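Single chain ahead, written as structure tokens, the form predicted on its own.
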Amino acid sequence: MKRLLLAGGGHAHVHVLQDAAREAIAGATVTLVTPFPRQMYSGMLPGWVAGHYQVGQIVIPLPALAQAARVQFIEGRIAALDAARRVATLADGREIGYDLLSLDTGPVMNRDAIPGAREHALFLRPVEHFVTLFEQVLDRAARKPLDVGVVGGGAGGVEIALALAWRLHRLGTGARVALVAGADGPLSGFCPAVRARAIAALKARRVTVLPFDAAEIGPGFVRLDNGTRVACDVPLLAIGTSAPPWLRHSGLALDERGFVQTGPTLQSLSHPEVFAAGDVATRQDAPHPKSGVHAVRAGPPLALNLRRAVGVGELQPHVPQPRTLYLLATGTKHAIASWGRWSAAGRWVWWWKDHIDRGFIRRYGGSA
């Protein structure tokens, strides 16, 4: 029997589990290792922040999925990986050997990317920690007006800033929200029509947009790269994600940013017994390598290739879509759609997004 280790409970791995529940992976004992017993779906997080969902509606219960798939579930965090020995070491010192390894551990934020952030900022990732601490932010906001600063001008930062502005407005305490969006402004990678809609939404929600980068975060302030100190009671970081630090000494082939280099079959370029999908991987054959591997769409080909790697059969390439549909929540039950250079907005886009998101949760055993 081959030992298949699934490291992480990301979007691709929940599909692998569901696939294994329908038909067991013959010839393998399968183990899932993940630091949390549930996956909190990031696509619904802004809706939860805005108050449109309860936390139980945005989670997928991983132990139940694993049990249905006849997969051993281990709650633990990977601290080291030795690809030569084929051993993963957990934070508590346990070692797990494998014959095949699949990595889908989810995004990581560099807590030292901005001086002072580790000590004074609230990070959007890991989502489990953010959800716990956000309740404390709401308690503070209910007692006095807060200055909240969201650092990061990408889709995550814009959505969270708008959701916060709506939620805090409903509390009625006069809280202020600012978005530290960087020199390129909000949604710099999107088409002009989408950016214009997002900027209009930020203006409507009275979110102050600061076209600068954060240079330092301290107690009660964010210092911008132009030298200005902005009052900030709650700095919330929604910056880009980084590779897990334990990959550095794993022996796997990595790109210049530390992500696992993979080919069309989602296999490591240096160790074919290792597969990787989602935020931990980068596709070398894609026009935009980091954005090309979408964990949700990578789920079916990953499940097929793991099954064939255990048994027999030709592995199939995963062809990333050249364009991705984005549905961006704007705080209220209103959203912006983006598909290449096409854009639309309205309540109907929110209902479309809500339908897709709830369907995703229900598909994997959640109760959205």
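Each residue number is its position in the shown sequence, starting from 1. Small disclaimer: the values here were computed from a predicted structure and weren't measured.
Keep in mind that the form predicted in complex with a small molecule is not shown, yet the notes after this line are about it.
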### Query
Using 4.5 Å between non-hydrogen atoms, is Pro46 touching the small molecule in the model of the complex?
yes
### Touches the small molecule in the model of the complex: His169 (any heavy atom, 4.5 Å)
no
### Query
Counting only non-hydrogen atoms and a 4.5 angstroms cut-off, does Trp342 reach the small molecule in the model of the complex?
no
### Message
Is Ile78 near the small molecule? Define near as a heavy atom within 4.5 Å, in the model of the complex.
### Response
yes
### Query
Pick from Gln39, Thr330, Ser338, Asn305: which has a non-hydrogen atom within 4.5 Å of the small molecule in the model of the complex?
Gln39
### Query
Tell me which of 330-338, 313-321, 63-71, 31-39 has residues with heavy atoms within 4.5 angstroms of the small molecule in the model of the complex?
31-39
